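For this one, two forms of the same chain are given in structure tokens, first as structure 1 and then as structure 2.
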Structure 1
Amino acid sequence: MKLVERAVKAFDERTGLITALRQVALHPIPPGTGWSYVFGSAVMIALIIQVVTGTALAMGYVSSAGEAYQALQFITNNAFMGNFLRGMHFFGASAMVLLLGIHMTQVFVMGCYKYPRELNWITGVALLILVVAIGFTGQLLRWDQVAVWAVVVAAEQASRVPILGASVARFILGGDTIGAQTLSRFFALHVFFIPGLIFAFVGIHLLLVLHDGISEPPVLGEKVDPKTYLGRYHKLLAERGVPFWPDAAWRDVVFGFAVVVAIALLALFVGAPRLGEPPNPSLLAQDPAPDWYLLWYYAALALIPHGLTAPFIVLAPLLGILIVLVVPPLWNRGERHPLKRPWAVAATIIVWLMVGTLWLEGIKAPWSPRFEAKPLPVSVVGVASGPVYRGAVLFHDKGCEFCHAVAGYGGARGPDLSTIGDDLTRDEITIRILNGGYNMPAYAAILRPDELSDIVAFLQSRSIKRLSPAQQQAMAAH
């Protein structure tokens, strides 16, 4: 034991690391810091999980367009604990995004960003952006059909940015089209560049936390005044401060352990995201959507009016980042208690409701073609032969049903055509089919005259006046 003590003492004399760690562990924090303060440490634990599992996965991954998919299949199905590691990595990323969002919400609502902790908030915002970016780049590394097309959609949206759009899209894809260079670029960003930035900002953030101290719980009626705050804060620590370890750290340990267990259980029983078909850029994926934490923004882009897409893509992210970066430091004094800051609480609730609503809409994805739509049953068509029946078959085979619903069958991207015969004449239906429209291709060069006649006959039959009682009952049932 004496030999170990001498070795530890000698190591500390030469490095000072043990003394520094002891000072960090025992640094005083304000009294009353409860469970609402555990989320920052939980983000760190989720980050550690990402580093460990990511390193393990990288040892078996091949960042080659011809081998990445097979390598990931081997990791998932054949490597020891491969599927579990993929699940840990996926749910660890999800936990990091969610916990960071909760942590920033808590900091904002409790006014912890106010003087002298403005830079803490700014580095936290930078970390949120980097965490989302590393999640987005990680999705492509699955190199399946959905991942490839999600990046294609992102590049297509970026290309609409005025002036710089083409350059941004080329930067995302690493060229004019998606390919091996895209995978190499995303692998480098995901494994080297973005993690390096995250580690740098985490280090700066922790140094700021140690330098400025942990914000004390807000007190009703107690305002932040930069002229007097530091003196009052240091007096509070001197008179009533408690050491971080063990008085407060035990909650971080308990909650962090719960986070690890939750991620492990999800990885064990839910597993890693299922790999889709191998990538084929010539075939559109059925659901080219990003992972859940970006799904709300994907929904926002899909739901805004067509003419506003380009300005929204540019202005919405810039305005959002500007608000979260600038607004809190500008209001860095005054009340901190949520009861005295109703606008801050209301803004937080509105943001979470907006993100949640868009996220639910993104799950349904009504703007995406429903490629799995089945042909219309005879009970809906009304007949089993003749032009109307042939038109119903063509309605499915030509892809119309993927975007248009009839009696509850089909997609929701285009208008519901259940009673289109009551709204448009034969000539109007014909013109619409031949010329197409917004998001609808023109079928003039695709349909033969007899096929066009049959589809028009089917659509004309979709009229309340012409539907049989059995068809009306089928519509009501579905």
Structure 2
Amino acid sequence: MKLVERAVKAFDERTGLITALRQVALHPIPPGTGWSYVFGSAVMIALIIQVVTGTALAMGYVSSAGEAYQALQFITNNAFMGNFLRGMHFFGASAMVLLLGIHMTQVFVMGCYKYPRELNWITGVALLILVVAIGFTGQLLRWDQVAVWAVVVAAEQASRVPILGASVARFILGGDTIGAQTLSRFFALHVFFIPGLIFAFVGIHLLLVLHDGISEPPVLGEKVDPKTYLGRYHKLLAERGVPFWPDAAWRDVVFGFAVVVAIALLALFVGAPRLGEPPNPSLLAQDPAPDWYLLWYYAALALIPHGLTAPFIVLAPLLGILIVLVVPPLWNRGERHPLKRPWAVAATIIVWLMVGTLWLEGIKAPWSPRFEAKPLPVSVVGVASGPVYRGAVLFHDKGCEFCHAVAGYGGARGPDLSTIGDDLTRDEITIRILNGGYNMPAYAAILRPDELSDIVAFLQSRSIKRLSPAQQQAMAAH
């Protein structure tokens, strides 16, 4: 025992590390910090999970377009605990984004970003952007259909931006099309560049927390004034301060542990996103849904009228980031209590409601093809042989039904075609199928002439006048 003690002492004498650690652990913090203060450290725990699981995954991963898919199959199906690690890494990322959102909301609502902690807010916003970026780059590393197409969509959206668009798209893809260079680029960003920046910003963020101290719980009517604040804060610490460890830190430990357990349970019982088909750029209809934390943004892009998209894609996020970055630090004095800051509270609620609504829209994804659409039943088609019947089968097999509903079967990305025979002539239908349209692929090179004429026959049969009573009933029933 003596020996260990002496070794520790000798080590501390030469490095000062143990004294420093003790000082950090025991440094006084304001009294009354409760459970609402645990989210910052929980983000940190999620980050540590990401570093550990990410390093383990990187050992089995190959960032080459030809081999990534196989490598992931191997990690998922054969490697020791591979699928569990993928699950931890996926849910760890989700936890990080979610906890970061909660942490920022709490800091904002309680006015913790006010003097002298403005730089904490700014480094925090930088961390949010980095975390979203690392999630986005990580998604592509799954290198399956969905992942690849989510990035293609992002690049395509970016390329519509005036002036800079083409360069931004080239930068995202690492060239003109998605391919080997894109994967190498995303891998380098995901495992070297962005993590480096995240560590740097986390370091600054934590140094600032130690330097400025944890903010005291807001008191109604107590205003922040740079002239008097520090004096008041240090007096509070001297008179009623409590040591960080264990008085407040035990809550961080309990909550952090719960976060780890929750992530592990999700990884075990829900599992990582299933790997889809290997990427195949020639497939028409894809479902380019990003991981959930960006889904609301894709929903916003899909829902705005398409003339507006170009400015919206870049200007809206830039404006959003600018507001979040600059506005709180500009209001760095005055009341901190939420009851005295109704506008701040209202803004927070509106932002969460907006994201939540868009997110629900994103899950329903009316713009996204429905691949699970079932073939049309005979009760809808009306006949079980002949051109109309063959057309109905092709309508499903060629993917039309992914986007178009007939009598309630099928997707909602394109117009409902239940009674299209009343609205369009034979020629109009043919031209539309051959040429496609906004968000509809052109089928000229895909359908044989006989297939085309069968589909047209089927669509022409969709006319109220020509539907049998039984078909009309099937339409009304669904």
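Basically, rigid core = biggest C-alpha set you can superpose within 1.5 Å across the two forms. Please note that residue numbering is based on structure 1, beginning with 1 at the start of its sequence. Model, not experiment: these values are computed from the prediction.
*Asks:* Of the two forms I pasted, which one is the form predicted in complex with heme C (HEC): 1 or 2?
*Replies:* It is the second structure (the form predicted in complex with heme C (HEC)) rather than the first.
*Asks:* Given a core-based superposition, decide whether the C-alpha of residue 225 shifts by 2 Å or more between structures 1 and 2.
*Replies:* Shift of 2 Å or more: no.
*Asks:* Superposing on the rigid core, I want to see if residue 445 changes position between structures 1 and 2 - specifically a Cα shift of 2 Å or more.
*Replies:* Residue 445: C-alpha displaced by 2 Å or more between structures 1 and 2.
*Asks:* Core-aligned, is the CA shift for residue 90 between structures 1 and 2 2 angstroms or more?
*Replies:* No; residue 90 is a residue whose C-alpha shifts by less than 2 Å between structures 1 and 2 when the cores are overlaid.
*Asks:* Where the core is superposed, what shift in Å does the CA of residue 419 undergo between structures 1 and 2?
*Replies:* Residue shift at the C-alpha: 4.2 Å.
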